[in-house]
Structures are given as structure tokens and as C-alpha cells.
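Just the one chain here, the form predicted on its own, laid out as C-alpha cells.
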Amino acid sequence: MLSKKQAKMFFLGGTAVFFLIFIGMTVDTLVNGVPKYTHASQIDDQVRLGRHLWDSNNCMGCHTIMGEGAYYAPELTKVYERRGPEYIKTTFNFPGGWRPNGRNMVEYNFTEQEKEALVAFLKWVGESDLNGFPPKPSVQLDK
């Protein structure tokens, strides 16, 4: 059995060791992981504008991206891969708003440059390495 002083030293020593491990893993993630998996070097002004439009129009209020957001509308992490740029651009300015499967998306009236920026942002998101997220569907539907 440990004395009170030994127990205290054991606790403090263990805390210090695991704190140092945590700091090391955090630094490794920020230095080696994030730039490699997110392709940070591919973030250009168009992707930044797309992200700004995504945030300023509260797209996350309905959509999910990278596992974050609401579940009212479709998950968009891999939408560029699934649907392509022309389909995506069509949904933004669809007359009267896009209404698939009984859900409503307002008509945004984005300019061509803004639509291209949103597509560039969604393409960048889809190319990020998310360790297999979102999983591919196990059932293939006929197109």
C-alpha cells in the first residue's frame, strides 16, 4: 500500500507524463496531420470565398459537412464526388427554390463567381482525408 505522500507523487508523476504525451500528440497533429489530410496548400481565394458564403448563408443550419451541422438536408461532404459541379450550381439558383423529397431550399440568386466559389469549397471538402467518413452506402441504387 502506498503512503499518502507516495500516492500524491504517483498521481502527479502520472499526470505530468500523460500531459507531455498529450502535448506531443497535439503538436504532431498540427504540424504533420492537419496540413497533410486537409490539403491546406490547396486553399485559395476561391475556396475561402466559398467557405465565407457557406457560413454567411447559414448552410450548416440545414446541411451537414464533415459530420458537423444539422440533419434536415443532405450531408454534403462528398457531394462534389457524388453529383458533380453542374448539379451543385443548379441547386443554388433553381427558380422558386430547390425542393427535393419534400424539403425546401431557398433560391439564393448567387452570381456565377459565387457559385464557382461554393463548388470549389465543396470540392476541397470532399478531397480532405476524413478516414473513410462519410461511409459509402452498402446498397447501390439504379441511376
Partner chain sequence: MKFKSQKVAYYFFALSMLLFSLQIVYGFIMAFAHMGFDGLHEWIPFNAATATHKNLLVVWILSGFMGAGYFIIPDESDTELWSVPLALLQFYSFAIVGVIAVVGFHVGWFEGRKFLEIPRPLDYLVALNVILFLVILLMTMFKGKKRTTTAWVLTSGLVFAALLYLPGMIWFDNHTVDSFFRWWVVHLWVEGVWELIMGGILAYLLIKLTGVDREVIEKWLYVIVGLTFLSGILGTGHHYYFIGVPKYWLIVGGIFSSLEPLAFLGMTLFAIQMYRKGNKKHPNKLAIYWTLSTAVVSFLGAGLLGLAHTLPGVNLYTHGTLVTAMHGHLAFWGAYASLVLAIISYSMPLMTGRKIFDNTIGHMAFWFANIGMIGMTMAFAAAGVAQVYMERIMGLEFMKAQLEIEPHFFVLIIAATVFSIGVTLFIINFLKFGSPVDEAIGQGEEFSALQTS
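The term rigid core refers to the most C-alpha atoms you can superpose between the two forms while keeping them within 1.5 Å. Numbering follows the first chain given and starts at 1. If you're wondering where the values come from, they're calculated on a predicted model, not measured in any experiment.
Absent from the display: the form predicted together with the partner chain. The rest refers to it.
- Screening Glu112, Glu81, Asp28, Glu86 for any heavy atom within 4.5 Å of the partner chain in the predicted complex leaves a single hit, Asp28.
- Although the partner is absent here, Glu75 lies within 4.5 Å of the partner chain in the predicted complex, judged by heavy atoms.
- In the predicted complex, at least one heavy atom of Tyr108 sits within 4.5 Å of the partner chain.
- In the predicted complex, the partner chain lies farther than 4.5 Å from every heavy atom of Phe92.
- At the 4.5 Å threshold, heavy atoms of Asn57 reach the partner chain in the predicted complex.
- Residues Ile43, Arg48, Arg51, His52, Trp54, Asp55, Ser56, Asn57, Asn58, Met60, Gly61, Cys62, Thr64, Ile65, Met66 of 43-66 are found to place at least one heavy atom within 4.5 Å of the partner chain in the predicted complex.
- Once the rigid core is overlaid between this form and the one not shown, Thr90 does not reach a Cα shift of 2 Å, moving by less than that.
- The Cα shift for Ala40 between this form and the one not shown, taken after rigid core superposition, is smaller than 2 angstroms.
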